[in-house]
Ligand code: C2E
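Presented as structure tokens, the chain that follows is alone, the form predicted alone.
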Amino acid sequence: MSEKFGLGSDDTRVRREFASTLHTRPIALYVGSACGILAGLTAYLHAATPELAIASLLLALIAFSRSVTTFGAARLKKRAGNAMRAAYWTGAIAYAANAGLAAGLSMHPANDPQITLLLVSFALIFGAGMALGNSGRPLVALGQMALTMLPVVIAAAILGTPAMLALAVILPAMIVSLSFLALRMYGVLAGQVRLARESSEIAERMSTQARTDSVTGLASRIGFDVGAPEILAAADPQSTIALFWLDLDRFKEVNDVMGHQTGDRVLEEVGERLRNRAPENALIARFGSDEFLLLAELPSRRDVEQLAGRISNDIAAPFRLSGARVEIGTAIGVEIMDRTDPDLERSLQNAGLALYHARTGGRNQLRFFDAMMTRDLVRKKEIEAELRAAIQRDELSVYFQPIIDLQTGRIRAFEALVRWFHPEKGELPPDEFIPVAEDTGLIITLGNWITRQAARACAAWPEHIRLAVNLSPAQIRAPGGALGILRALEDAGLSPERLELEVTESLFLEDDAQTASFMDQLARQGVQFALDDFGTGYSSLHYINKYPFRTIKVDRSFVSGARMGRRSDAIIRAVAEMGATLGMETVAEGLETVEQVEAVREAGCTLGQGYHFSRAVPAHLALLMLEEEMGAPHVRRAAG
């Protein structure tokens, strides 16, 4: 029967819930005890037999002690302990037994019928009430009910009158009925407790899942938000709290080339390496697709620097996954938190800004936040807003610097260069706003605008004059980038064969299919390409062999910079000889003196560009230069 009505493994939990309810709101017990005291004392004062007097007095005393026990349990609550609870339930059984005994004894013919009515009514009401009130402990409830009613049944049977015999039959039937009702109520209560427990367990599992990253087992964003304040609160005031923000290098390439399953294994391994390297009690979280956060308490800034270096080395170490060798790196931004005002949100912003500077510095870079980064960011935001407005207000201009044939001294091409004449700040150098345009994506709009404006100017030049335009990697990766350039040429009426796009070696670090497709699509239409700043980056003959370059531009640092000397001269000669062998033009940039012109020409360079020939000029002056050259009987630009 116990299983049918829900008794079993939840019995202890239900009893605990029920007892907690009784002790936190014991008003019903106080009322019941007061009624017992009143009934017991009244019967004691009017008892006709010594047995009833004793039983009535005990009833009043036990009722009083129940009030005291209930009050103590309510005051002590959780501190009541097993001894107090045992005393409480022992008193409940004794109270019921004495109430039943007094009722049974009161039915002796010698006693006042009114006293009999008082005690029997109290016993029956008490028994029925306990059957329901103590349904959280079914055995106790049934025991109390039986102890209060059975003495009345026995006394009624002894009296033997028709009415008493009927009562002797009715009361057992009521005991059975109330027993089923008590058990049913217990089953309902047990079900509610079970449901509450299951709901609590589900909520706990969901909370744990939300706080945990499913791939690495580290904390998630939510887990970091929950755990970080706890670490900050428990940290030693004399220690150093550092927030590391990591962004994996080349992870997208691993995902795209080797699949997401391998990518997940890389993330797992990175998480494991961070666990092994991080100090005890540090909080590690996966904060994004390939980004991780580490919040750690360390003795000093020097320890922070050492930990950052070791983490960088750990992640840069090759991975072995299913026999394949995988190499990645990480950029790391670090914020040393202010112990007097540990603002987590501000620290995240600072670490993110330090990470941004680390990423712009190349692979496996580490940067600590400093206040200059914030000032730089404010300045960049200002430039970005002003640049957007400048494009709309036509404050930008395209200037043209000639590229000269070193043998004939004639103009072979013009390189288009953007100039910004700010209405309040005057001319702003490209080095200040071009990087901002690249970081914000404005370079796509700006680059297409430059190409369109330059192509319109070039359309008015002689057909043998080419146009060189610098190309940003963002333009190549933008959807429809090649079509945008072809449309600009079409709008200007300029043949694609007259356009030469200059790209730097940094574009090919990813060496992805999108770059090859972009260049191939334009090359098929006749657009030519130049490899700019050759010798300053990750120079590789592989690029020259793979991509459709027509021109190599030797960086100005080999011509007029600190690198000038015998070695730079040898490098220029080697590049020029390679270009001649491959049928490519070689442009020497940064020519400022006659001696430099003579040197690069003797080294084998075919074209030259620099202030020695001309600064960048507006379109109308470029056209004037061409008209003067075509009308001049002798050209002296390549003097030497």
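Counting begins at 1, following the sequence as shown. For clarity, every value in this text was computed on a predicted model and none was experimentally measured.
The next section is about a form of this same protein that is not shown, the form predicted together with this ligand.
By the criterion of a heavy atom within 4.5 Å, residue 357 is excluded from the residues contacting this ligand in the predicted bound form. This ligand in the predicted bound form comes within 4.5 Å of no heavy atom belonging to residue 466. In the predicted bound form, at least one heavy atom of residue 592 sits within 4.5 Å of this ligand. At the 4.5 Å threshold, heavy atoms of residue 604 stay clear of this ligand in the predicted bound form, well away from it.
The candidate site formed by 224, 243 and 365 is entirely out of contact with this ligand in the predicted bound form, as no residue has a non-hydrogen atom within 4.5 angstroms of it. Only one listed stretch (606 to 614, 573 to 581, 48 to 56, 30 to 38) carries heavy atoms within 4.5 Å of this ligand in the predicted bound form, and that stretch is 606 to 614.
Of the residues 274, 478, 406, 434, just one reaches this ligand in the predicted bound form with a heavy atom at 4.5 Å or closer; this is 434. Interface residue among 568, 401, 347, 216, judged by heavy atoms within 4.5 Å of this ligand in the predicted bound form: 401. Scanning 464 to 490 for heavy atoms within 4.5 Å of this ligand in the predicted bound form gives 470, 471, 472, 475 in sequence order.
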